[in-house]
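In the form predicted on its own, a lone chain appears below as structure tokens.
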């Protein structure tokens, strides 16, 4: 559906460097990378917001490199939504339809259908300035979908939302993708978001395309040091034995750590877990003692917005990661005893 050929683009001191990428018809494709990697510029090139001089962009078998955004039949939701403040919700959604000179009855039908799809029917007469972040996001999606595009481009669509709204809209985006069958290109710096939503992922860093693949392949088998550093090294635990517990669970003995995990009947040789999926507390958390361990911090390393802890549990060493602001609110130091919870739903069994 989208074919990028030898695309290079320069803006200010930033460059996209010889990108080749094919995105299939109907894929939910996520472009993942750190802040400043070039994700937004790349998406804007696809949308037609930049004049590309080197390389080609093809959509559905037609070269669109020199075409205007309006000629590409794309839906585009920028990071800040860019709703028209002087129009109410219904007029924001219908803005693109008016440009296509749709009849009033067709506009009404389309707006009503999209409002029902996105759960915003009660908001249609509201002033957009009175909407919450999640409501603005749904209105922006409705406006982008109004002209029935075959491709929807989303620039960090969940980054400005609170955690609960973000989780809800992840499910909504996947539902819309499933029901409409359109191609979605979604850019984010959030690895969990990418892993949960993508059919395939492309990793971009400093304007270069580093790796493309299914989430499992990208996260488990990074192809170079740049991808590995961005994703973060996983905790890999070799399992000496395991026993099925029934109800889709098993207990594995991994060097003295007895770990409960999801089990589909296959043998369990290794368990992999990202550092971000280990919860650390300086006080003993309440709840059942499943996958809970006590360890000692042996090193602390700042990684910009996150802090990585090396924790010794018996003969095993695990790495945990937490946001810098959460770390700052806890009394953690090298040599301190801490409590860990290994998140069962986030474990990968190899």
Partner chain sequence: MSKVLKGVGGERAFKGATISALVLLTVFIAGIVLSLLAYTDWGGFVSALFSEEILFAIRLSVITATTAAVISVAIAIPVAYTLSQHKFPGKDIVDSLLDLPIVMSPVALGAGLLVFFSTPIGSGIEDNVLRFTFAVPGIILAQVAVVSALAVRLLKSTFDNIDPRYEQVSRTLGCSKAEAFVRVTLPLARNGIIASAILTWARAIGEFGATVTLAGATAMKTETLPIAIFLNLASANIARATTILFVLVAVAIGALFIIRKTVGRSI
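Residue numbers count along the first chain shown, from 1. In this text, all values refer to a predicted model and were calculated from it rather than measured experimentally.
The same protein has a further form, the form predicted together with its partner chain, not shown here; the description that follows concerns it.
For the chain shown alone, residue 83 is a contact residue for its partner chain in the predicted bound form, at least one non-hydrogen atom being within 4.5 angstroms. Although the partner is absent from this view, residue 49 contacts its partner chain in the predicted bound form, with a non-hydrogen atom inside 4.5 angstroms. Contact annotation for residue 216: none of its heavy atoms lies within 4.5 Å of its partner chain in the predicted bound form.
The shortest heavy atom separation between residue 159 and its partner chain in the predicted bound form exceeds 4.5 Å. Considering its partner chain in the predicted bound form, the lone stretch of 273 to 281, 164 to 172, 70 to 78, 253 to 261 in range is 70 to 78 [heavy atom distance within 4.5 Å]. Proximity to its partner chain in the predicted bound form holds for all of 95, 99 and 143, with the criterion being a heavy atom within 4.5 Å.
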